[in-house]
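We begin with a single chain expressed as structure tokens, specifically the form predicted on its own.
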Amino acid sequence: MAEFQWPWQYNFPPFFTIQPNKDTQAKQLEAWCLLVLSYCRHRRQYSLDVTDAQDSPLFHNQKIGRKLPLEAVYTVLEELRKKGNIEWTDPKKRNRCLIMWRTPEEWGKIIYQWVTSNGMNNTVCTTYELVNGDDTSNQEFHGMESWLLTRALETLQLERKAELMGSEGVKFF
């Protein structure tokens, strides 16, 4: 795996303090949101433990000795929730969240493009084959967590491009 490319702001100490000016803060939060999604995408990470994340390189730049305070981490994550990129697994405590660096609809389109380009329309396959099979090893959805795969396939089902067959099978149209 290639090394993650940090944005320039990551080495700028004020980036780790939520700015009071609303315009500046909006740009800063947008940069943080992009960073979180890019970082999780690079690592193929689909969930985040807030306590662990605060001590990870994502929110703690040891090189410049700066760490985003916990309250600010929650501000960033709340912004991502509003955009539909995270969901709390424990909404009251907010200790852990699911990360969607692509929406289920986007994933559905990617999966369906692969199905169509491989002539798999009108065929049945298992969800295991889709995310762990040799045929998908070079696909971005390879290794996807089952909760997200199910949501992606549900979007295809709503579009009448697929039909879920229990929790382990899917027929594509």
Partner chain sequence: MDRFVWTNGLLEPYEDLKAQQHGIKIYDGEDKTPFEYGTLILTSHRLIWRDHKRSDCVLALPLSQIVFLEETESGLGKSAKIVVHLSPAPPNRPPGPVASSQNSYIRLSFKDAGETEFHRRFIEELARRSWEMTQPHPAQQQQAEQAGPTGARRAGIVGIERKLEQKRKETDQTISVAFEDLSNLMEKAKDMVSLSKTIAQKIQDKQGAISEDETVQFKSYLLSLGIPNPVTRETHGSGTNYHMQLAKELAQVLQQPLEECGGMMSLADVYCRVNRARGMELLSPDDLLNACKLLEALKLPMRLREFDSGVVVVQLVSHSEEEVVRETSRLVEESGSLTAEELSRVASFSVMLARERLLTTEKKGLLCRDDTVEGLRFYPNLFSTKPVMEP
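Residue numbers count along the first chain shown, from 1. Computed from a predicted structure; not experimentally measured.
As for the form predicted in complex with its partner chain, it is not shown, yet the points below apply to it.
Indicate whether its partner chain has at least one heavy atom within 4.5 Å of a heavy atom of residue 50 in the model of the complex.
-> Answer no; every heavy atom of residue 50 is more than 4.5 Å from its partner chain in the model of the complex.
Please check if residue 60 has a heavy atom lying within 4.5 Å of any heavy atom of its partner chain in the model of the complex.
-> Residue 60 lies outside the contact set for its partner chain.
Wondering, does residue 30 line up within 4.5 Å of its partner chain in the model of the complex on heavy atoms?
-> It does: once its partner chain is placed as it appears in the model of the complex, residue 30 has a heavy atom within 4.5 Å of it.
Check whether residue 70 has any heavy atom within 4.5 Å of a heavy atom of its partner chain in the model of the complex, and answer yes or no.
-> No, residue 70 sits far enough from its partner chain in the model of the complex that none of its heavy atoms falls within 4.5 Å.
Contact residue in the model of the complex, from 41, 142, 66, 109 (heavy atom within 4.5 Å of its partner chain) = That would be 66.
Contacts with its partner chain in the model of the complex, stretch 129-167 (heavy atom within 4.5 Å) = Stretch hits: zero.
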